[in-house]
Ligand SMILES: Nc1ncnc2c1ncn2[C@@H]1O[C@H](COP(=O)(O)OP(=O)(O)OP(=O)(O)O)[C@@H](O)[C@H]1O
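Given as structure tokens, the chain that follows is alone and in the form predicted on its own.
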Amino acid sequence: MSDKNLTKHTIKLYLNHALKYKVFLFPLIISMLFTILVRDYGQPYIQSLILQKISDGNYDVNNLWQSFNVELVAYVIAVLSTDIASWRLNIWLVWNLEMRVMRDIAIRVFKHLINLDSDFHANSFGGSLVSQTNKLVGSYIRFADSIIFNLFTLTVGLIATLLILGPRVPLFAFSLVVLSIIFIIGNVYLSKPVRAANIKQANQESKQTGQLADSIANIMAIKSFAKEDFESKRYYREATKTKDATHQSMVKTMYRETFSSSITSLITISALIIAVVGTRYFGADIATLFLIVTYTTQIGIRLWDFQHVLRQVNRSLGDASDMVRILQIEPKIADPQNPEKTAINRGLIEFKDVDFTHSENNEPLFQSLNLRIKPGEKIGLVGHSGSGKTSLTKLLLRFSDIDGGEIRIDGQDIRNISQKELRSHITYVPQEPLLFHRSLSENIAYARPNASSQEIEGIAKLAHAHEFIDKLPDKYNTLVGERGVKLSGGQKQRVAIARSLLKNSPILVLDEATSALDSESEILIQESLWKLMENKTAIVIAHRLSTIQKMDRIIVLHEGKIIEEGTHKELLKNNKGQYAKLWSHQTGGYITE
């Protein structure tokens, strides 16, 4: 996406979210307009009337109140209505608008990220995504504040100055507007390279954040391989690239600021010269001269701020760029426009002429694959790494989509129902347990958050997790750490199995669910798993063949093809078969890879 389109998408994103809250946005525009006109231009205008009366001697020294009462009352009203009333209202409206928009943007990004496919997340740093999200949310405040408190103020100020001073000193008013337009156009033009530099800077900052997150997440690997210096050098290179990108941004900004200061200086000097010359040669009154100096000062301040506003806007657009690009990514796995109501209840699974190729491979994995699993049937999947075992389960869960054919559950094509509905009817226990940095109780009850503490404890006992949980100081309230880092592999897997026991679905998929358990623990867990599999269709992947020998049917995969299937005893009868070889070559119950 080009920088121009990216800027357009970013501004559209901000505007769309802000327009949802017209109840705050439109009153803010009206209130800001009132504040600017009355405070910045109305108050000086009243002061100029007082100065003009004094200059003309058009007042009674003995009765000042009678001479200036109208102007004084008007001035007091103007001050009180703006400095105390409308300005406070502006701040209240801005806060209410911005905090709602920030919340909505954060929610939009969160929903988008969790709906993106597993391939996207596999190729993205989690730390970078967090950084990019925070940058986008924070960028809105800087952008909105810049537009509301400077650009809007500058525009209103130029119009007001032209209307008030135009009839009095048309040449000066015209010159001020022309110089201001030159200033704005020049700054916008010179901001293009600044914006490009800021985008590069933001991208590099995200990479640096990702490098930091990756190293922190793998701190034990760094320590165990004694690679502290190696990782420090890698991080130093990223930090240096960030410094260089920041330097380029600074250089481009300095070019623009040099231009800006030249124009604002010219405006200020011109105003003073016109004020002096006007008095001597054109007979300009004191009120007009006062307004020239005052309004020019106001415009000069706004113009000088404008370059900083552009810097803030450019930085905001740069910070937002990464996540705005991601927001344009359409999920590869999409729900149908009008999803069917799910008909899954028995668990009949059918793969019909399924074709599938991994996105990173050219060679297809499955070609015209056919497999039928009866309701309540217990299936074991066996095969060397790369044979297609895990891919088969991912296709069933629609973590990936097939290239051809169809997958049906209870006669319904899984592409015709929503992913959420599909996965709510399948219990999936992966090889690597996925735990949140929350309490053990919350992790176990994730499938059913309203489960009672008695239900949670009962399920934990079935999964033989209660034994170690009960010994912890905070028991079920213990926080497990990021990705369950405080627990051993076996403990994490017991918690994951307990969570699965709590989810009552007709289909169960176990992908090496007991691989991190020792033999004694596995024997205990097997009992729980058989209870979990009761009255369910089960697909179990295992390298440890002893865990699947009681399955109703064992399917042997090789390079995406089913080369054998049958019960454990039936497959062992074929001495030359792949399964018999795997069984005989096992060491400690595992397949030799």
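Only a predicted model underlies this, so the values are computations on that prediction, with no experimental measurement involved. All residue numbers are counted from 1 along the displayed sequence.
The same protein also exists as the form predicted in complex with the named molecule; that form is not shown, yet it is the one meant from here on.
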Subject >> Triplet S249, Q307 and Q312 all within 4.5 Å of the named molecule in the model of the complex via a heavy atom >> reply: no
Original post:
Counting only heavy atoms and a 4.5 Å cutoff, which of 187-195, 369-377, 295-303, 355-363 contacts the named molecule in the model of the complex?
Top reply: 355-363
**OP:** Quick one: from G386, P339, P430, G126, grab the residue that has a heavy atom within 4.5 Å of the named molecule in the model of the complex.
**Re:** G386
Original post:
Of the options Q204, S175, N416, S391, which one has a non-hydrogen atom that comes within 4.5 Å of the named molecule in the model of the complex?
Top reply: S391
Subject >> Any non-hydrogen atom of D214 within 4.5 angstroms of the named molecule in the model of the complex >> reply: no
**OP:** Indicate whether D119 is a 4.5 Å heavy atom neighbour of the named molecule in the model of the complex.
**Re:** yes
Subject >> Residues in 288-314 close to the named molecule in the model of the complex, defined by a heavy atom within 4.5 Å, in order >> reply: none
